[in-house]
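In the C-alpha cells that follow, the same protein chain appears in two forms, which are kept apart as structure 1 and structure 2.
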Structure 1
Amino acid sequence: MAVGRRRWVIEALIDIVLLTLLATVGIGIVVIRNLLAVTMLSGIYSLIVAVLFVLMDAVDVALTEAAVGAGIMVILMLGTIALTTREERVHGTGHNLLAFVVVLITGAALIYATLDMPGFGDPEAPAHTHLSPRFTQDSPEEIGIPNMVTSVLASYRGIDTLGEVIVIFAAAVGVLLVLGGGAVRRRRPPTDADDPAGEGRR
C-alpha cells in the first residue's frame, strides 16, 4: 500500500513539473517576437506533450505528437521563416473586448463540461464497462483484423479518421502554398545588359 502511494506521489510530482514547464513554454511562445525562437519553443512544447501522453499510457498518440509537432511542424516553420523574416511585425491594434469575452465564455463552457466526466482511471466509467470489452473481445470477429488499434481507427472510428486525414491534407496544402510563393523578389532597374538593342528606351 505504501509503495503504491509513493508511486502515485512521484507520478503526481512529475505531472506537476511537466505541466509547469508546459505553461512556461506556452507563455514564452506568446510573449517572444523572434519567430525562430518561437519555432524552437513550439518543438519543445510538443515534446513535453508527448511525454505527458507517454505517462498516460497513450504511446501511439505520443509518437504522433513527437513526429508531427516536434518534427514536421518545426521543419515547415523553419522553411517558412527562411522565405519570410525572423521577427514578428507588431501592429498597433487595440484590444478586442468581444474576442476576450468569447474566449472566457468558451473556456467556462469547456470547464463546466468536464464536471460530467468520470474520474481518471475509474473502472466503472462507460468507456471501461461498454467500449473496451466490445473492442477487445468482438473486434477480431467483427472486423477481421487482429490489431485492435487498427480496427478502431479504420472501422469503428473510420469517419473520424477520415476527418483527421482531411484536416492534415488541408494543412499540408496551406503550408505548400505558403512555401511555394517564394521569397519576395527585389526588382532592380533595367540595365544595358538586359536590353542591348536599346529597344526599351525608344
Structure 2
Amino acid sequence: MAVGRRRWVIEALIDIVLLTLLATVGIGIVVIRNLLAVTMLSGIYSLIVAVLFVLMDAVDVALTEAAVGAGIMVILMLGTIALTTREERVHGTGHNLLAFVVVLITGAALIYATLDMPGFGDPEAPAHTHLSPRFTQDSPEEIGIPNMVTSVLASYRGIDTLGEVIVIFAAAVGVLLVLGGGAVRRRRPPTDADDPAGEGRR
C-alpha cells in the first residue's frame, strides 16, 4: 500500500513538472516571432507531450505522437517555412481587448465545465461502466489479439477507422490540388556521357 502511494506521488510530481514545461513552451510559441524557432519549440512540445502520454498509459497515442511529431510534422512545417517566410509579420499593435475578453470567458466556461467531468482514472466514470468492461474483458476472446487498442480501432470501430483513412486521403487530395504533385522536372536528360562508368547506378 505504502509503495503504491509513493509511486502515485512520484507520478503526480513528474506530471506537474512536465505540464509546467508544456505550458511554458506553449507561451513561448505564442510570443516568439521567428518561425524557425517556433518550429523548434513545437518539436519540443510534441516530445514532452509524448512523455505525458506514456505516463498516462496511452502507449499507442504516445507512439503516434512520436512518429508524427518527430518524424513528419516538423518536416512539413519546415517545408511551409521554406516556401513562405521565416519571420512572422505583426499587424497593428497586437493587442485586442475584445478578443482577450472573449478568450477569457470561453476559457473560464471550459474550466467550469471540467468540474462536472469525472476525475482522471475514476472507476465510477460512465465511460468505465458500460463499454470499457466489455472491450477489456471480451476482446481477448472475441478477437484473439492482446493489444486491445488495436482490436477496438480495427474491429469494433472498423467503420470509424475507415472514415479516418478516407479523411487522410481527402486531405492529400486537397494539398495536391493546391500545391501540385511535386514531380521533379529533369533539367537535362541523363545520358551516358554524364556518367561514363555507370557509377551512379551501382
Partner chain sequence: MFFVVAVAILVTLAFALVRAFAGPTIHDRILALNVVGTKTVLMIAVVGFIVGRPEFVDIAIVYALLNYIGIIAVLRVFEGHGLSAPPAEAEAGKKERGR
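Take the two forms, find the largest set of C-alpha atoms that superpose within 1.5 Å, and that set is the rigid core. Please note that residue numbering is based on structure 1, beginning with 1 at the start of its sequence. Worth saying up front: this structure is predicted, and the values here are computed from it rather than measured.
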So which is it, 1 or 2, that shows the form predicted in complex with the partner chain?
2
With both forms fitted on the core, give yes or no for whether the Cα of Leu35 moves by 2 angstroms or more between structure 1 and structure 2.
no
After core superposition, I'd like to know whether Ala125 moves between structure 1 and structure 2 (criterion: C-alpha shift of 2 angstroms or more).
yes
Does the C-alpha of Gly26 move 2 Å or more between structure 1 and structure 2 once the rigid core is lined up?
no
By how many angstrom is the Cα of Val165 displaced between structure 1 and structure 2 when the rigid core is overlaid?
3.5
Core overlaid, Val102 C-alpha shift between structure 1 and structure 2, how many Å?
4.5
